[in-house]
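For reference, the chain that follows is the form predicted alone, supplied as structure tokens.
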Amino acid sequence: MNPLDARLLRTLRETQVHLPAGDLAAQLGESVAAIRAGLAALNAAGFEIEDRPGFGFRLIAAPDRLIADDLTARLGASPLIREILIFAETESTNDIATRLGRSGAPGGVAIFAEHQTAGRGRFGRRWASASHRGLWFSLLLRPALQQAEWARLTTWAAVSVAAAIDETIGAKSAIKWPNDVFLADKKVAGILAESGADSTGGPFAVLGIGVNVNHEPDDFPDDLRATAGSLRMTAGAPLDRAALATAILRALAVRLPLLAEYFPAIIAEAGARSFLLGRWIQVRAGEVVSEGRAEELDENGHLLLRLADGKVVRLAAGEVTVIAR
């Protein structure tokens, strides 16, 4: 598609009524012929657009696949996203974002894939990316933060994803520090933050986000069915993945100004959603295992853990297990 298609989609979504081709042409500053060609292109791409004689055109439905211009139209102007790329299949969207970052590309790129053949989570674990069932995407960022503060990105993303899920299905989601989102005691989303530098030494961050959206139990591998869930399993009906993608990007953009000077607001939101704070947990970070009570998150989203001897340790990441006591 082209920029006219995105503008057409945005106009049709915003009006939600029948509009004659002439009215669309006047609103968008295009010829009637260009509008009709754009409508035909949208129909060919799978959008259901009703042509009602005497009334005009109205958008009825969108295809169940991610389309860059459709997401652009839904999102509108964004302080976070300047470009959206969609791949039918790739090994890992984080790898694509990393290659773009190393080549010197500016931040603000969102890379989505309908299917990942080598999606990964933290600690190099495989991320099951069922085709056309979820949202698998990465953001290339060049944060306006000191690199020592980049740990904030994971908390920012977790809070934003959780808020977008709540908005979409009306259910309260929880965050398992540092990077997982849960619904009904099952993991529905995960975040993987990575970083690198381009040839000039300019640093960049890559934020990978995976959300299980329309999965049913049989869509998960056998070893994940006991612990993995999806939004559909909670909502009881399939969801519009493009609408959820837009909601997540908007939630991230809304909280973007808080990253630098008002991060305590994000920390407060993360704390309110945490199901670890106040509980006795075990945290494994490489070969080091710590056990104690999860007390609070510090100013950068690190976990403060009070050990049995009363000493408090600050943890940047780790594999968490809740221990019944």
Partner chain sequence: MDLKEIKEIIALMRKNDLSEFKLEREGFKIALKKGTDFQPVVTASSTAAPAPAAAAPVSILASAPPPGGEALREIVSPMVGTFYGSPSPESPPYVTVGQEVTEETVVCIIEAMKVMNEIKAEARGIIAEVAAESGKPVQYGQALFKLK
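For clarity, every value in this text was computed on a predicted model and none was experimentally measured. Numbering follows the first chain given and starts at 1.
Just so you know, the form predicted together with the partner chain exists too; it's not on screen, but the next bit is about it.
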Inset, instruction - Considering only heavy atoms, tell me if residue 184 and the partner chain come within 4.5 Å of each other in the predicted bound form. - result: no
Inset, instruction - Check whether residue 76 has any heavy atom within 4.5 Å of a heavy atom of the partner chain in the predicted bound form, and answer yes or no. - result: no
Legend entry - Heavy atom of residue 148 within 4.5 Å of the partner chain in the predicted bound form: yes
Inset, instruction - Using a 4.5 Å heavy atom cut-off, state whether residue 307 contacts the partner chain in the predicted bound form. - result: no
Inset, instruction - Sort through 90, 195, 246, 173 and report the residue having a heavy atom within 4.5 Å of the partner chain in the predicted bound form. - result: 195
Legend entry - Partner-contacting position among 191, 165, 188, 113 - heavy atom within 4.5 Å of the partner chain in the predicted bound form: 191
Legend entry - Partner-proximal stretch of 133-141, 219-227, 152-160, 78-86 relative to the partner chain in the predicted bound form, 4.5 angstroms, heavy atom: 152-160
Inset, instruction - Pull the contact list for 171-191: residues with a heavy atom within 4.5 Å of the partner chain in the predicted bound form, in sequence order. - result: 177, 178, 179, 191
